[in-house]
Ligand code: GLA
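In the form predicted on its own, a lone chain appears below as structure tokens.
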């Protein structure tokens, strides 16, 4: 298990100096998928898997970062203009560049990274990496950024340097997470509200497909372009909308014949998903688990049929959940084409459901899915 003591001792052995230590969580998203970059609503929570960083300044004329998970070291004395072939370091370099744009030039430093967030599972390991370095730089070098600014810096790193045109949800959740709470975030105004995540006799179970199809990143960017194209077409038709957040069902249906079928489907999903976030939050507030679960299934159906970002592995996991006693609802979580499903399960049925899902998945794909019982965690902090 990773701890402050472990990563601090590793750092001292490597660099001969006592570091400051930080961590940031991965995230689950209860509902509201692909809505953040459409200025919609999302409902994430931090999860108790973390990316840890030990950091200190150095008298050397270069910075060095060691990624324990990859057993790799990256050193630099100036920022590269383009992403490097060392993929993991690009998230960090992107954060530094975003801070530089805001007038903050960082001194040289040494850092060590270790993470227990499963990579490729849709738990936002990359956002946690960006967020923990944003928090560490801000605190250690006393840069003075607010938590909201740190989330924006982390998103800019991914959008402008790494090249994934994601929204702000993952970074926002990693920085603002609160134990035993979910966050309902308005991605247009950035106003947010904490919801107590009181699950009573239920558990959140994640099933990991253990795959990530290669088209995930390119298709993610393509979906954003399609949503922007739908908005552009609606403006051509006389509507004044900045994003799909400004489109309601009646407007979309009225213009259906004037929209490309593909764009109509993409917009339909986003509009319906925004509505589901509101309905889901009300359902869990009243412990109406059956209704909450129905919105999870509705979300997956929309992601599969209208947004077309699911895959056969994710679909099987959700189909098996539908037929399993004790599962209130399930859906794919994250960008799509692999990663995890999120399942709301009665506590006394968890073991039975896990065995049923593992067996069904193994019989079909020849490999057992990983699974995690999700427990919430706090946002980026010094430890």
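Since we're looking at a predicted model, the values are computed, not measured. Residue numbers count along the first chain shown, from 1.
Although not depicted, the form predicted together with ligand GLA is the subject of the following passage.
- Residues placing heavy atoms within 4.5 Å of ligand GLA in the predicted complex fall in a single listed stretch, namely 164 to 172, out of 164 to 172, 277 to 285, 244 to 252, 107 to 115.
- At a distance threshold of 4.5 angstroms between non-hydrogen atoms, residue 220 is in contact with ligand GLA in the predicted complex.
- For residue 37, a non-hydrogen atom is located within 4.5 Å of ligand GLA in the predicted complex, even though that partner is not displayed.
- When ligand GLA is considered in the predicted complex, residue 329 lies well away from it, no heavy atom lying within 4.5 Å.
- Remark: residue 339 does not count among the residues lining ligand GLA in the predicted complex, judged by a heavy atom distance of 4.5 Å or less.
- The partner is not shown here, but in the predicted complex the stretch 332 to 353 reaches within 4.5 angstroms of ligand GLA through a heavy atom at 334, 335.
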